[in-house]
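Take a look at this single chain, the form predicted alone, given in structure tokens.
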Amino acid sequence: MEKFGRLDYLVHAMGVTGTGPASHVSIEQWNHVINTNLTSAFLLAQAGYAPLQSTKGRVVFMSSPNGINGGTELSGPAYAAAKAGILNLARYLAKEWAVDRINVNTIIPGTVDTPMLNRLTETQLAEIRNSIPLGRLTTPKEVAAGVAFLCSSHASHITGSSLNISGGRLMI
């Protein structure tokens, strides 16, 4: 706001995974994953609301297939719960903020080829790749293209929706 005097787009693209099983997750681990993935999205949206009202801006959140399919022990229960929460936070805000012409959507990226995957073994990565019908991980550029689309005039009548960029790993 200080530099440009306005806010047109708000993109929440941060996240951390946890681990499972649920019986081994401490409350501190749970809170860390929930706060990083979900609470921060709520706080960012809340802070951006007033400036977005004047520009009729766009909001894009990052969810995950784990938010729909429940996840695995690789990502843990808190991650699955947080990413499901992102989907419904976006739907809620899309309804509430429609009167202000603020579009709110999510992207559901597949397994994105980023350093976040460094925690996985080669065997785990191979299993993930084999579960993707298109046979490869999602690239950061593909996710960025989805964000650009949802922030563009081409998506002016899209709100409360989720753009699935998972290479077919998630089919809804």
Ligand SMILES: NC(=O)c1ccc[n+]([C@@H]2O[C@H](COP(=O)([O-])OP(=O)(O)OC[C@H]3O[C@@H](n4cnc5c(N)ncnc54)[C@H](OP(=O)(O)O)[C@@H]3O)[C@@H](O)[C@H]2O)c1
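Bear in mind that the values here come from a model prediction, so they are computed numbers and not experimental data. All residue numbers refer to positions in the sequence shown, first residue = 1.
Keep in mind the form predicted together with the named molecule is missing from the figure; the text below concerns it.
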Consider the chain as shown here, without its partner, and state which of T55, N69, T114, N31 has a heavy atom within 4.5 Å of the named molecule in the predicted bound form. T114
Just give me the single entry in V25, A148, A13, I158 that has a non-hydrogen atom within 4.5 angstroms of the named molecule in the predicted bound form. A13
Give a yes or no for N103: in the predicted bound form, does one of its heavy atoms lie within 4.5 Å of a heavy atom belonging to the named molecule? no
In the predicted bound form, is there a heavy atom of the named molecule that lies within 4.5 Å of any heavy atom of M62, even though the partner is absent here? yes
